[in-house]
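Below sits a lone chain in structure tokens, taken as the form predicted alone.
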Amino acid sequence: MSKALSDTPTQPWKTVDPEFRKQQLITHLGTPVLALLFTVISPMAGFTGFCVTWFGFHVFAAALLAKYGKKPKSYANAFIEVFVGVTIFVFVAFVSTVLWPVISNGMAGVSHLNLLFQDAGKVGADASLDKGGFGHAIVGSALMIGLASLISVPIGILAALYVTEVRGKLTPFVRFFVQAMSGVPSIVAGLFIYSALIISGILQYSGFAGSLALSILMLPTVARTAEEILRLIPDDLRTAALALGGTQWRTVRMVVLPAAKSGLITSAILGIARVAGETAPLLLTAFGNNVLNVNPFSDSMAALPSYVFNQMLLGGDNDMARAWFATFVLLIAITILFTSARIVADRMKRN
């Protein structure tokens, strides 16, 4: 019996046809080469001309492969495969044009680690990279995002619980306002805090005012994501808990929330990533500072996005280098947040 089992192939359903694989490679790798040669000898020059030519050649080659290849398939299927592949390539190419300058210019500041730990209190315009840094902006961003999270995450989760669990009369209004807030421009959130609290004298320029503006932008992301996560919890769990005599509050606290814990953490991480790079609302609320300020309720406070903005305005070579390195650090932080959210979401699916 064991010998019979050992003689059977491990994955008999995955058969690889070398001839068909060769045809696929010729189709997918040969068409961009032909398109590149065509753009060289024809008026279809530039990246746009290459993409249009490549798409045409690829569709034609895929149609031939679908008709005369080893594994025939419909023309529609071949067209969709080519369209998706070319679209992904164009997307990656355009994203690379944005990311590559940040990475290439930001890497120049890696050799000056003092930029990560010092502030800019005694640094003039276009000063040497060996002096000063944006450590105060990193601390300011962490404090303001942390305060915004303390405000937005509980409110967002409570709003999601009201919509999915309580389902009261205000459910349509809660959904409407969350949807409306998700479309609010960031500058409007800053203007609201500026006009309602700062001009009126209730607050001064401070990290707390900046965190209030960020919480307005963060709240809809947390609420909408948490709502979708809570909808994934099977109703059988709720019904079983209620059948055992649990109240609605105990069902939510002891069954629904533990089951959705990973997803709710993901919603909080996505909300943080949403506001981590915002500049406009902080210019009107936190205002910015050149020295380290660890008290968010007193005096203005710097943040990485506003620091980058101010350094770009100065325009000197070293100022621009500082701005690029700060942008690179911010990009890494946001990438870590999104990656963490993806890992947590994958763990939730496996569990």
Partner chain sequence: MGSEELEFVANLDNAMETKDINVWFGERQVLANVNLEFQTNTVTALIGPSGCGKSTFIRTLNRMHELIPSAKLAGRVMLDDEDIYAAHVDPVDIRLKVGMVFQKPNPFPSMSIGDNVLAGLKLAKRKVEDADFILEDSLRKAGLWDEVKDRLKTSAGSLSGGQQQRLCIARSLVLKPQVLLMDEPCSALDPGSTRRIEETIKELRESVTIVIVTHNMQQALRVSDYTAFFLSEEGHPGHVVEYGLTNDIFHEPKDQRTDDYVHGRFG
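Residue numbers count along the first chain shown, from 1. Model, not experiment: these values are computed from the prediction.
There is also a form predicted in complex with its partner chain; it is not shown, and the following applies to it.
**OP:** Tell me, out of 180, 254, 93, 142, which residue has a non-hydrogen atom within 4.5 angstroms of its partner chain in the model of the complex.
**Re:** Contact with its partner chain in the model of the complex is made by 254 alone.
**OP:** Only one of 232, 188, 110, 237 comes within 4.5 Å of its partner chain in the model of the complex by heavy atoms, so just point that one out.
**Re:** Contact residue from the list: 237.
Original post:
For the chain shown here without its partner, which stretch in 239 to 247, 143 to 151, 265 to 273, 72 to 80 has non-hydrogen atoms within 4.5 angstroms of its partner chain in the model of the complex?
Top reply: Stretch with heavy atoms near the partner: 239 to 247.
Original post:
Does residue 121 make contact with its partner chain in the model of the complex, using a 4.5 Å heavy atom cut-off?
Top reply: Looking in the model of the complex, residue contacts with its partner chain do not include residue 121, since no heavy atom lies within 4.5 Å.
Original post:
Do residue 258 and its partner chain share at least one heavy atom pair within 4.5 Å in the model of the complex?
Top reply: Result yes; residue 258 sits at the interface with its partner chain in the model of the complex.
Original post:
Using a 4.5 Å cut-off on heavy atoms, what residues in 107 to 142 are near its partner chain in the model of the complex?
Top reply: Contacting residues: none.
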